[in-house]
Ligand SMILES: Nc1ncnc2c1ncn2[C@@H]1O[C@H](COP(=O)(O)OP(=O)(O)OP(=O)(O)O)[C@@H](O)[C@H]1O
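In structure tokens, the next block holds one chain alone, the form predicted alone.
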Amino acid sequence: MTWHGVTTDPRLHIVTGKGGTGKTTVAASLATALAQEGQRVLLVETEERQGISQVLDVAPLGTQEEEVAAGLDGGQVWGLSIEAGAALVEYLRLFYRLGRAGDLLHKMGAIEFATTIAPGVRDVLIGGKIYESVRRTTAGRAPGRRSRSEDPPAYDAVVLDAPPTGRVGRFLDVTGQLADLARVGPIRHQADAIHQLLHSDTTLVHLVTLLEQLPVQETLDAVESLTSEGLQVGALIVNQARDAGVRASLDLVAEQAPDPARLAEQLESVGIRTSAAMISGLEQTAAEAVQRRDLEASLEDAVVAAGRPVLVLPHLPEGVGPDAVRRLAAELAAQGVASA
């Protein structure tokens, strides 16, 4: 499969970006685009912010998977909020057969204590739940049936709304975080399995940015850092880009400097009373808009120069919501995101 210029067969899509770039909206849009006819996509959040539920306008997500949206072509999008405490209880049940004792530890506050005093364990537990979601098969969904390697996956893709770029490196470095904490045992074994998944062709890390200096610089730094760690960077997604019509208008302004006398005449012809101060202010606004256009162009060139596929999503003045998610999903699909 070629995923927008990346020759691989990805099933885990990790979406990150500087805070404020719209990564949660992009993650929801990506999941919607990937949910083709007859397919199931799991959309996961890890920071307990309920950002996905707000974007999709659904009830707050819990620790049990539930359907939250329909894909563009009739597929299903399921949602999940991974909570470290619940993940640890599940882990204790699987590896130590604690059963109901795990729930008791949770009520006593022991789980919160453990995940706070050893934050590396928290990320391994969250990563373990993601690992299980990627590896689970349709047989694993049925009570009493064990998964087999030849069974089809429970989810055709898993999209992770990951921590921002400033923290995503540490979040993905599950083995390094446990180097001194757990050298052997089930936790270390789980960390190594997660590490292998994250560094395989199954996983792509997508970075969301705006055409602003700080987000672009953080994106470029993240590309270099993630690549050096052996993680496969997928697409660089430029969010909230200017409308093509606005760009064309700014190009025209840049090519033809405004004539103050003609501008005043045109405004007066439609009944707008002008003054020298007004005309001067309009000229200044036009000059600043052209400067902004030039800055965005240079930043876009820098993003392209990073050598990864670039996707561009428009600015939506109507704001964020289910309709906006579907529109952005259609933009992603048109740019080849869901093509085989």
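This is a predicted model, so every value here is computed, not measured. For every residue, the number given is its place in the sequence shown, counted from 1.
What follows is about the form predicted together with the ligand, which we do not show.
Checked against the ligand in the predicted complex, the residues 137, 232, 240, 76 give one hit for a heavy atom within 4.5 Å, which is 240. The chain is drawn here without the ligand; in the predicted complex, the stretch among 295-303, 273-281, 308-316, 60-68 whose residues come within 4.5 Å of it by any heavy atom is 308-316. Contact annotation for residue 23: at least one heavy atom lies within 4.5 Å of the ligand in the predicted complex. Residue contact check for residue 12: none of its heavy atoms lie within 4.5 Å of the ligand in the predicted complex. Contact check for residue 328: a heavy atom falls within 4.5 Å of the ligand in the predicted complex.
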